[in-house]
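In structure tokens, one chain follows: the form predicted alone.
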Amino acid sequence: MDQEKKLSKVEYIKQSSNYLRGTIEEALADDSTHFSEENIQVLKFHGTYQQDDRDLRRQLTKEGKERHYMMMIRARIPGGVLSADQYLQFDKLADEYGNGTMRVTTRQTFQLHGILKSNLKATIRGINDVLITTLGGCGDQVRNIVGCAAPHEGPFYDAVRQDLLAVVDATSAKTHAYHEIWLDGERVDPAVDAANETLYGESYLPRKFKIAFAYEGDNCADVYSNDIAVIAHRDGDSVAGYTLAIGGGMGRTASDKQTAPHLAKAFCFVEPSELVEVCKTVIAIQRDHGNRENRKFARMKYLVANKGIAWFREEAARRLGYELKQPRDIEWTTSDDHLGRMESPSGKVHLGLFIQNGRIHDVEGMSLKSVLREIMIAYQPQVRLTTQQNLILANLSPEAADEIEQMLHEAGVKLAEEHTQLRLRSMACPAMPTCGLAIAESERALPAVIDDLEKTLHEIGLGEQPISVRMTGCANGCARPYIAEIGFVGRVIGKYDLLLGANVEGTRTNQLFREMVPVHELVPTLRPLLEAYRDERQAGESFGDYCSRVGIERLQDRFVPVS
């Protein structure tokens, strides 16, 4: 009983949700504009967050009106691969029920924003009509499993894709609540769910859980930021096996120094036939031993940090009935996203398009959403969403690719090679006005910061220097700012923590350089650092490696003014 009293509020909500049913169905039938706190927590498992338009909050409060409530819906698209028809369905639903935009996330899926509660069921049904689910888009379960989006061809890549899908199937929630509420309405005895939900149980996981796949050498997916990193080793046309690393996670609480971003640590090597069971075993260990008292420390990264890799290996071996093999050494050669024109050995052409901060919309001078709709209808490309918020149009003929490039130009959309390397490596989370956790701007602020930074780099002779820059509106780290060479993390409205020194391979976190920098001072603060990098760098040294070599404390002594 004493242990039960220590559980967080969300744990009680999950336990009493009747395998993710809650009272969502009843709430959908009433005429209110929003859901209860209990249902808000359960809805996350169904891929839905309740939000409100924060631009309108103050005015609505002044007028004595309730907030303008709306829902964000996040789909689950394993590895970010979907058909043109599936893409077009999201495009249609965004216009019919949302705010007219689509958001590519850092987990290779789409978010739709601005959905009213009265349209929630129709939108989710519309997504399911094209065989895509939102179950697992959010919540304390395995989220959308991501991987390298490059449209590689051949048996090795096909095998890795099938293994990814096998892990998706094995780690998906088995409750019938989703179909009951959103689709066919057929009732299933919850006892059936109790028997089938063997991985998650009635309380699911202590916190969200993320898995990423990568091909050895290519870390475009930032695999070490995940709870489980799955790195494929090649043996000719076959998969030699996978090295697993565990315990990654980006979030922190700025005011709590005990919280921090972590990168996954090398754990084991598995044969392809062992992959699913080992992944499930790691998840089960987190399920049974993860912190359910304090959600700030509920991610598996804290369990790994506290217990250690050796304990995890022993516990996994005990459950599996055999000893795990030692992980292989990994060498990374690139972490760049797959942008620009790519040609495959079979003669197919793929176009990797830069989508600034993942937002697909039409603005003055650039009709991105409209032209992509025309392209989907006319050419039916395979669509691949990347973990860096971009989009690849795959499996085109050379002639079609030429025509599409011309269409993009006419619509005011720049091709990847027409952007600076700085902009191509930039990412921001949505933040204001939709995210309820945001305490500063991000998506709406970063483009202007990149403009100023591009100008500065040009002025000091570093015009085409590739530097990764990422911004978030809070410390949760959705755009992975802690593994950017330059990270901006929102602290209060208009002010950001500035972090420096991650490496381009994604295997080192950055460090806090300066706190609470006003947005208009971000680039001026960076300028003397960039000038020093220009003058003092070693051959081939990146900006992040320079900051790490010199050391944050020394850089602070040189470039942070004494207040």
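Keep in mind it's a predicted model, so treat the numbers as computed, not measured. The first residue of the shown sequence is 1; numbering continues from there.
The protein also exists as the form predicted in complex with siroheme (SRM); that form is not presented, and the subsequent description refers to it.
Quick check: do 219, 468 and 509 each get a heavy atom within 4.5 Å of siroheme (SRM) in the model of the complex?
Not a single listed residue reaches siroheme (SRM) in the model of the complex, so no.
Which is the contacting stretch out of 69-77, 413-421, 268-276, 316-324, given heavy atoms within 4.5 Å of siroheme (SRM) in the model of the complex?
Going through the listed ranges, the match is 69-77.
Does siroheme (SRM) come within 4.5 Å of any heavy atom of residue 407 in the model of the complex?
No, residue 407 sits far enough from siroheme (SRM) in the model of the complex that none of its heavy atoms falls within 4.5 Å.
Against siroheme (SRM) in the model of the complex, would residue 426 count as a contact residue? Criterion: heavy atoms within 4.5 Å.
Residue 426: no, not in contact with siroheme (SRM) in the model of the complex.
Does the 4.5 Å heavy atom contact test between residue 109 and siroheme (SRM) in the model of the complex come out positive?
Yes, residue 109 sits close enough to siroheme (SRM) in the model of the complex that at least one of its heavy atoms falls within 4.5 Å.
Does siroheme (SRM) get within 4.5 angstroms of any non-hydrogen atom of residue 225 in the model of the complex?
Although siroheme (SRM) is absent here, residue 225 would touch it in the model of the complex, with heavy atoms inside 4.5 Å.
Tell me, which of 168, 437, 462, 448 has a heavy atom within 4.5 angstroms of siroheme (SRM) in the model of the complex?
Only one listed residue qualifies here, and that residue is 437.
Just to confirm, with a 4.5 Å cut-off on non-hydrogen atoms, which of 246, 250, 149, 393 contacts siroheme (SRM) in the model of the complex?
It is 250 that has a heavy atom within 4.5 Å of the partner.
May I ask you to list the residues of 297-311 that have any heavy atom within 4.5 angstroms of siroheme (SRM) in the model of the complex, in sequence order?
Counting only heavy atoms within 4.5 Å of siroheme (SRM) in the model of the complex, the single contacting residue of 297-311 is 299.
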